[in-house]
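Read the single chain below, which is given as structure tokens and is the form predicted alone.
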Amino acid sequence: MRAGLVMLADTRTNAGVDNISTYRKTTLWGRPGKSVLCLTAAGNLALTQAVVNRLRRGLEDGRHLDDATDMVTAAEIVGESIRAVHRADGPALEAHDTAFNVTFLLGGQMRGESVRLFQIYSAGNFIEAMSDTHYLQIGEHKYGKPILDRVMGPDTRIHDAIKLAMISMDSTLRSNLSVGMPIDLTVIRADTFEYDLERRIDETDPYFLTIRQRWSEALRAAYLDLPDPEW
């Protein structure tokens, strides 16, 4: 939004119904007064961790996220890190008939630019959220998409965006066992170049429980208020 950026990620990973773990999928970078970045990941955990580790070390040509002066360059560095992991691990994965499956969201702001958000694919290419698309999702997103399509816009307030993200995530949690609590919330307000909020939300969080209960009640009430078909 014009007001800033809200990013929300779950922490569940699984290698089958009997092998479920919790891992943080959000990574933060920043230079005080100059840049603030939030990277979230979906896909094969070993691969996404390998990409993040390469980003922390820097690319073989010496480029590093901390050196980027604009968001497109930052997205390109993430994309090149994905390609480097593919060059290293892709042949072995292919030999074991395993797909190279990673996707990232990179959001944030560099001084001199507005807040920007990118979706970066397994091939290292990327798209940006623009004036007609005010949000991006990765991973298991289809269940939480309708509320965002109906309500999200460029003038949405930060607090409203947090509520929308919570509702969207709750819809996904209810319908897909591969997504699970706790969830990590990151908020960046435009032109502050700092994290306005970093919060881990678990199953006992009072605000999340309130959102879950009141949204369920509102949906039921709206459903019951609909007219019966005349035919």
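Every value quoted in this text rests on a predicted model; they were computed, and no experiment measured them. One rule holds for the numbers: they count along the sequence shown, beginning at 1.
Although not depicted, the form predicted together with another copy of the chain is the subject of the following passage.
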{"property": "50, 54 and 100 each touching another copy of the chain in the predicted complex (heavy atom, 4.5 Å)", "result": "no"}
{"property": "Options 73-81, 86-94, 114-122, 155-163; stretch whose heavy atom lies within 4.5 Å of another copy of the chain in the predicted complex", "result": "155-163"}
{"property": "Partner contact for residue 184 in the predicted complex: another copy of the chain, 4.5 angstroms, heavy atom", "result": "no"}
{"property": "Contact label in the predicted complex: residue 14 to another copy of the chain, heavy atom within 4.5 Å", "result": "no"}
{"property": "Residue 46: touches another copy of the chain in the predicted complex, heavy atom cutoff 4.5 angstroms", "result": "no"}
{"property": "Residue 219 within 4.5 Å of another copy of the chain in the predicted complex, heavy atoms", "result": "yes"}
{"property": "Residues of stretch 119-155 in contact with another copy of the chain in the predicted complex (4.5 Å, non-hydrogen atom)", "result": "140, 141, 142, 143, 145, 146, 147, 149, 150, 151"}
